[in-house]
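First, one chain by itself in structure tokens, the form predicted alone.
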Amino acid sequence: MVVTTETRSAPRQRAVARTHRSRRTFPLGPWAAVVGFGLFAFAPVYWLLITSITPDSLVYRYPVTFFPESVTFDNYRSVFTDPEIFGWLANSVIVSVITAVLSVVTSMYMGYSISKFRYRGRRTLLYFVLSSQMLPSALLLVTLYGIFATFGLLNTYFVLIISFTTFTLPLCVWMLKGFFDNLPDDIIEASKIDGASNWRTLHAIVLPLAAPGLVASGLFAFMRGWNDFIFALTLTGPERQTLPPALVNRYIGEAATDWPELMAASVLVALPVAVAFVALQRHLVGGITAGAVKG
């Protein structure tokens, strides 16, 4: 009887094993989804690149071609020889770097305080900071414009840095709070037993261990300031505008748009962020996911 049961169940087990091997060796569905989403995400970047190296005479031709018939770098040469580009580039660097530093320093102390100290209202403060992300940007823009106009601060670096920091600070606080939560309290207690003050414990012991979280927060704040369009366009004039709104005003007119040079300038604007992302990708992923799982 036992032999009969094993004999009947053997073909079914082999069929199940073949099905499992087939699923392991050829997962068509997930791979098709990954390829489809990848092509969809990369399509705008590809179109931007080929437009930037296509001669003007071929850019506006119809029907369009998806592969350039001839290549030129005159558009990049025109962008590099435009002296105003470097002024807007300097504005973007100043605003983005100071925003990143200010966001990291402020969120570092706030995140550490909420994570490692126990006092009344710390959770309320944490959710209150996050609630500012739920307001529409247009509503905040109108309010900030009125405040800055009242104090005569429009068209300055200060208004952009404060505005960008306002948006980046909540997420940076939450990221670093999650990172500090994962640091064992035993390390802090051992430092205090050795006689270190809270200030020395934070700066000499905790912050070096939290370097990936600081890098991730700083990169996020830098990209937020580097890519902003609407606030830089509204709160500043031509002298203090950053690259995104300045390039739109420079190449898009009422009668025509210089798409090849605009695409070439956009590639140059995206390069610093892409290089920074690739260089710091390991720290960025580690910093963002640090608070996702608590041991």
Partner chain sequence: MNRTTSTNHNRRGVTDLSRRNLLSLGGALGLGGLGLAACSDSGSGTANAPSGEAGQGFTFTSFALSEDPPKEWLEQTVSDYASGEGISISESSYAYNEALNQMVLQSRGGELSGVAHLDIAWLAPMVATGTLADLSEYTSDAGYTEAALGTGQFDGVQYGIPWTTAAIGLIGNAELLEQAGIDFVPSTVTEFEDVLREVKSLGSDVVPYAASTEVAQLKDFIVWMQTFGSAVVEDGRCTVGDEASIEAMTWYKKLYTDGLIAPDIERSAARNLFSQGRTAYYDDAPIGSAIVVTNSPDAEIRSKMIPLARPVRNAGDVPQALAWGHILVVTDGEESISGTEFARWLTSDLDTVLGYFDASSNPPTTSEGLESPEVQEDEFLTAFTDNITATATPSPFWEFTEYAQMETAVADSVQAVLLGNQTPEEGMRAAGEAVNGLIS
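It should be emphasised that the depicted structure is a prediction, and the values quoted were computed from it without experimental measurement. Positions refer to the first chain, counted from 1.
Just so you know, the form predicted together with its partner chain exists too; it's not on screen, but the next bit is about it.
- Contact annotation: of the candidates Phe220, Trp174, Phe167, Tyr76, the single residue with a non-hydrogen atom within 4.5 angstroms of its partner chain in the predicted complex is Trp174.
- The candidate spot formed by Thr99, Thr156 and Asp194 lies out of contact with its partner chain in the predicted complex, as no residue has a heavy atom within 4.5 Å of it.
- Between 102-110, 116-124, 159-167, 202-210, the stretch whose residues reach within 4.5 angstroms of its partner chain in the predicted complex through a non-hydrogen atom is 116-124.
- Its partner chain in the predicted complex comes within 4.5 Å of a heavy atom belonging to Thr234.
- Interface membership of Tyr60, defined by any non-hydrogen atom within 4.5 Å of its partner chain in the predicted complex, is confirmed.
- Remark: Leu135 counts among the residues lining its partner chain in the predicted complex, judged by a heavy atom distance of 4.5 Å or less.
- Although the partner is absent from this view, Val93 stays clear of its partner chain in the predicted complex, with no non-hydrogen atom inside 4.5 angstroms.
- The partner is not shown here, but in the predicted complex the stretch 185-213 reaches within 4.5 angstroms of its partner chain through a heavy atom at Asp185, Ile188, Glu189, Lys192.
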